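What follows is a single chain, given as structure tokens, in the form predicted on its own.
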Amino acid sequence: MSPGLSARFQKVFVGSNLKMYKTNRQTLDFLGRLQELTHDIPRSELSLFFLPSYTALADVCLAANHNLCWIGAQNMHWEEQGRFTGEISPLMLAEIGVDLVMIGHAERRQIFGETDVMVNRRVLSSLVHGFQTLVCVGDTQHELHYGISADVLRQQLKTALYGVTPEQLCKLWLAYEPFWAIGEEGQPADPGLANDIHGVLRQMLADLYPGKDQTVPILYGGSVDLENIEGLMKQSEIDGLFVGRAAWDPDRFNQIVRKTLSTRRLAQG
């Protein structure tokens, strides 16, 4: 057994980003079924979360048992108010009871042109406003091919966390989401490769925050499904899973959660 499997966390972290799928009614049905299916799992062993669309956030936050499931926003502007058409402020998210904010998702970076500096501004604002903050980093197929993924990811992470204090790390989660593993055409990362990349991110945390690197969970996301969970969750540096379309059916999401937990328990001996 690797020491890393037991040294950091007594729980696993499992979540999903619903992206621009599911109506308000569909999302509420998803929440209800997911909570029903997973309520028996001790939350001392599991942090469960999902991120609905903005139109569903208020109703989902009201309906959710936040002791069972964290509800997150898919993005957030760094300013509290202003002339930012189409954006959502931290005050708006706090008012409706959002628990978590995701920042730096691959699609925000690739499709909408978000830069590392913009990610940093959002991270700092999210932490100041008390949200659990999930920071995503990822590499492209080109960067992987030329062997520069580690350099790119170090830059993304170092910039994202610029100005974040050691005291704020308790509100920080990371997710490694290789751009080439996301979407319908995505290919899941080899578990060993994913583990190596997580090790790079862990070492960067150690460099930035000596003695504090073990306090931040690092999740893997990218074409996760029931078939590859076992390989991923046996890795010493992977603390949880950020699941895409495989989790959009609550019954299947429940299966994913339970397999993640059972695999980690077996790996820990």
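Each residue number is its position in the shown sequence, starting from 1. Note that the coordinates shown come from a computational prediction; the quantities given were computed from them, not determined experimentally.
Another form, the form predicted in complex with a small molecule, is not on view; read the next lines as being about it.
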Quick one: from Ala181, Met76, Val135, Leu127, grab the residue that has a heavy atom within 4.5 Å of the small molecule in the predicted complex. Ala181
So which of Ser223, Thr27, Ser47, Gln235 gets a non-hydrogen atom within 4.5 Å of the small molecule in the predicted complex? Ser223
Is Lys22 a contact residue for the small molecule in the predicted complex, using a 4.5 Å heavy atom cut-off? no
Although the small molecule is absent from this view, report whether Glu107 comes within 4.5 Å of it in the predicted complex, heavy atoms only. yes
4.5 angstroms heavy atom contact with the small molecule in the predicted complex for Asp139: no
Answer with yes or no whether Arg258 is in contact with the small molecule in the predicted complex, where contact means some heavy atom within 4.5 Å. no
Select, from the options 127-135, 68-76, 173-181, 192-200, the stretch whose residues sit within 4.5 angstroms of the small molecule in the predicted complex by heavy atom distance. 173-181
